[in-house]
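Form predicted on its own, single chain, as structure tokens, below.
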């Protein structure tokens, strides 16, 4: 992928007025979700819908069988894919590890300046905790370049910042109000004001392990030149607050401790987490930072890195976050994440053959299953659950006609074996984190999947109706750093 260098290598700017946080959308609109769908994509969707409607009118049974067969094939492939990813996570290359002894062995040494961006909006209650966490990080104080990215009209957080004494190297960067009001837009401003060789994003409530920056530096130095991003693992410091945080913790443990390391071992596209991803700052500037219009900007950036020929690796270090503990806030957060995946899929599928050439055929398949398959599965799941429920309760003749022999066998296998696999992955995640008491709650994750499907349909509606709305996650709902 032609990166189209944003600024000269190593160049930083001094004045916010000189920064264009929408540079990617202006200079490379084909890479940005500023236009959610191209005209050709809209025409293709309309054509597909019309073909399906006409086919259902003239051959309803056969058309329904074909659609169900396609979805069943997708379920089979997804189940086998999960098996492969989890198996790959056992590889020694799945995650980079550095022990305290290895870190100590390189001391004393000159550590590079490390830039840290902390975007915040209306979160005065977490500011002091975040400041203390960054001060406590085991990294030379004169090498920390920290920016708290606060919106100019966020008086609550700005007032809270004024009451705190920040050490040298820590500063507040005021983000001028402009459309879109998103985290990636703020991060783009912070990126071009950063002074470091490396850069990391932390969310407002994060508590990274104290040696994370040193581990990231060692990871970059031990990796090939094309490794430009290192993703830390994420988990929660309030897993037992309520049933929602228990489910959320099981899901995150499976994703960051098993699935992402497995993808790393397979050298696949890595959909980055929204925090604790560490970058070589020059490459990030060359790629013009984040797409300010994409509400899951981290996922999109992971794909753009892969398309440009760069690689991401997983690092064995944890950033502890606050699991969303209130259902309405969780719904909004999950809606935004899934809408961002839909945005990302449409952006990079504008020219599918070009995407396949840049990623390679195998990585192109990874992309379809990871970025497209996730939203697709949560959208179709309720339909198949409803059909299964109707079949078990009433055994209507019509439903059985929709599932010819091979499709019924594959569907039954997915219903029992596939769902077992997905639950078992969450159980493994809990076990890996030594959260054995959460494993019982992981058995109830089908309820959690229903909530995800509701969020998925909400995300699809928003994608067409209000694609750029940023439904912010509410933090500060738990007292203390552990529970």
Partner chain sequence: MLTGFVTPVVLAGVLLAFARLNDGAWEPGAQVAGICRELLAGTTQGRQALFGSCWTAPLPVLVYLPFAWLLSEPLAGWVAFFVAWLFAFWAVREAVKATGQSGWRIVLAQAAIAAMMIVARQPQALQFTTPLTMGLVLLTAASLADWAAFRRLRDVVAAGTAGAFLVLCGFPFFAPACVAVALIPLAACGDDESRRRVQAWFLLGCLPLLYMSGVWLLLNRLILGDALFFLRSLHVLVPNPARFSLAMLLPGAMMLPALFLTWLCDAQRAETGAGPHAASVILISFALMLVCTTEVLGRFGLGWDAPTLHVCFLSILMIVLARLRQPVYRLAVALALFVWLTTLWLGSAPAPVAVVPREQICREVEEYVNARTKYGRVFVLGYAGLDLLRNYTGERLVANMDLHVGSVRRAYKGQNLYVLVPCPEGPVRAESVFWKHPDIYRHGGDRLLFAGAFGTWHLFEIISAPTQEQLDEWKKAGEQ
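Residue numbers count along the first chain shown, from 1. These numbers were taken from a predicted model, which means no experiment stands behind them.
Below, we turn to the form predicted in complex with the partner chain, even though it does not appear here.
Q: Sort through 43-51, 58-66, 30-38, 436-444 and report the only stretch with a non-hydrogen atom within 4.5 Å of the partner chain in the model of the complex.
A: This holds for exactly one stretch, 436-444.
Q: Does residue 424 reach the partner chain in the model of the complex, with heavy atoms at most 4.5 Å apart?
A: Judged by the heavy-atom cut-off of 4.5 Å, residue 424 is in contact with the partner chain in the model of the complex.
Q: Taking any heavy atom pair closer than or equal to 4.5 Å as contact, tell me whether residue 384 reaches the partner chain in the model of the complex.
A: So residue 384 does not count as contacting the partner chain.
Q: Taking heavy atoms and a 4.5 Å cut-off, does residue 168 contact the partner chain in the model of the complex?
A: No, residue 168 sits far enough from the partner chain in the model of the complex that none of its heavy atoms falls within 4.5 Å.
Q: Please tell me whether any heavy atom belonging to residue 452 falls inside 4.5 Å of a heavy atom of the partner chain, as the geometry stands in the model of the complex.
A: Although the partner chain is absent here, residue 452 would stay clear of it in the model of the complex, with no heavy atoms inside 4.5 Å.
Q: Considering the partner chain in the model of the complex, which of 329, 364, 81, 408 comes within 4.5 Å of it through any heavy atom?
A: Of 329, 364, 81, 408, the residue with a heavy atom within 4.5 Å of the partner chain in the model of the complex is 408.
Q: Can you pick the one in 87, 354, 195, 143 that has a heavy atom within 4.5 Å of the partner chain in the model of the complex?
A: After the contact test, the surviving option is 87.
Q: Using the arrangement in the model of the complex, list in sequence order the residues of 417-435 with any heavy atom within 4.5 angstroms of the partner chain.
A: Contacting residues: 417, 420, 424, 427, 428, 431, 432, 434.
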